[in-house]
Ligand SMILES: NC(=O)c1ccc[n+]([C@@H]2O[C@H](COP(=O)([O-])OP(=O)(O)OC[C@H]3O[C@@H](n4cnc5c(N)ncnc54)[C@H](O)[C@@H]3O)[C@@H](O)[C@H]2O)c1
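What follows is one chain in structure tokens, specifically the form predicted alone.
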Amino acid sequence: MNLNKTTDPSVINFKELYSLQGKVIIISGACGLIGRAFCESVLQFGGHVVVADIEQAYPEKFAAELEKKHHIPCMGMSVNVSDKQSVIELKNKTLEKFGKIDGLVCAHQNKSHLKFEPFELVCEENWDTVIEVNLKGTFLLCQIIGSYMAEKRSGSIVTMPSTYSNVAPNQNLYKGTSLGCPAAYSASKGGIDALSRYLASYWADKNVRVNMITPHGVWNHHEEQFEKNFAQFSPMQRMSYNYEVAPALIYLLSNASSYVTGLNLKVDGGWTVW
């Protein structure tokens, strides 16, 4: 980005700052609830999306659907984010198709298989699985794709910690429901938060910005009792929707946030205010 050294805002096209026209954005976990909203928003702002997800999510099929709808070249690829060779292949295939990488969004996560498991009963295998996918996966994506950006001296990385890497879960939220939040999830997301801050400082002089988005309470056909509980503890008295998270991504990927790095942008309806 070429910056204007000026105090005159009238010479700045503020609307254009949000454009992602021609930018190539890799999104891990792209077929998930929030990932799909991220893909849609990036394409609406003119960017190319690399849909990266596990094979069972059919990322190639989703990428083809997006390309047909928006008439913008996309790419889908099955990736195991906890496997270094798989991530290297993701980088190489993206460069083969598009010739560059402008943004990385780490939207993958694993916690579902621990949803009902009390801390006292968590086995090491389940703990390791969550840490491997969430934290190690973010590490590998940032190391391999972020290093490319640092060499090119340009890029934007957006990671996703959690409300529960900022505050502890309110156990009353889950009363009367079958839901819960595993300790491994909080621990892995806390690591992502710390890693992101580290990289924001580490790559700042390479013109690679590293920021975070922390959503909370994103509705996905939750149990009625959970929705009622959530409303009691949220200042906005409701859950959020995936499309409400996506505008934050456009800001952080685009030139509109050219002087922003190390930020944890909370889209949590004020949950962490109290």
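Note that this is a predicted model, so its numbers are computed, not measured. Residue positions are given as counts along the sequence shown, with the first one as 1.
Form predicted together with this ligand: not shown, discussed below.
Partner proximity in the predicted bound form: G46 to this ligand, non-hydrogen atom cutoff 4.5 Å: No, G46 is distant from the partner.
Residue contact check: A107 to this ligand in the predicted bound form, 4.5 Å heavy atom: Taking the distances in the predicted bound form, the answer for A107 is yes, it comes within 4.5 Å of this ligand.
Contact of W203 with this ligand in the predicted bound form (heavy atom, 4.5 Å): Because no heavy atom of W203 falls inside 4.5 Å of this ligand in the predicted bound form, the answer is no.
Interface membership of H216, this ligand in the predicted bound form, 4.5 Å heavy atom rule: Heavy-atom contact with this ligand at 4.5 Å: present for H216.
Candidate from V133, M75, I101, L199 lying within 4.5 Å of this ligand in the predicted bound form - any heavy atom: That would be V133.
Partner-facing stretch of 91 to 99, 142 to 150, 77 to 85, 170 to 178, counted where any non-hydrogen atom is within 4.5 angstroms of this ligand in the predicted bound form: One stretch meets the cut-off, namely 77 to 85.
Heavy atom contacts to this ligand in the predicted bound form at 4.5 Å, residues of 146 to 179 in sequence order: Heavy-atom contacts to this ligand in the predicted bound form: M160, P161, S162.
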